[in-house]
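Take a look at this single chain, the form predicted alone, given in structure tokens.
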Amino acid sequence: MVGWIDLARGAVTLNILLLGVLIYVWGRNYYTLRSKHTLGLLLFAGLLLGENAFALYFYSLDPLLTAWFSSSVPDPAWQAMIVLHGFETVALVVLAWITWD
């Protein structure tokens, strides 16, 4: 059975992969164009990557928080966090699609 924490880990992992693609494309564009707009997008993606990496660490590796997230967080809190991760995933998919197109 898939639990809330598994859904959160999946969404955060997908976000990390999407941000990796965006950082690659925007990094390449910044190297070529040297524009402030591209640098801003690159910094934005880097900060979001850090946020998602911390979330994945807390959900998967930190011994205290992993146990707490797995057993003590009530379902409504998980549902809210999944919605937030889901919105972020959809936004990153749209941004990746627009960037790649």
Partner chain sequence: MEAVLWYVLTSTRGGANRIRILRALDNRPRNANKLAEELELDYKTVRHHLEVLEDNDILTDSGDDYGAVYLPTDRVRNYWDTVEQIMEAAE
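Given the structure is predicted, the values throughout are model-derived calculations rather than measurements. Positions refer to the first chain, counted from 1.
If you look for the form predicted together with its partner chain, you will not find it shown, but the lines that follow are about it.
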Full three-residue contact with its partner chain in the predicted bound form, heavy atom 4.5 Å, for 28, 38 and 41: yes
Residue stretch of 72-80, 59-67, 30-38, 46-54 approaching its partner chain in the predicted bound form, non-hydrogen atom distance within 4.5 Å: 30-38
Residue contact check: residue 2 to its partner chain in the predicted bound form, 4.5 Å heavy atom: no
Residues of stretch 59-86 in contact with its partner chain in the predicted bound form (4.5 Å, non-hydrogen atom): none
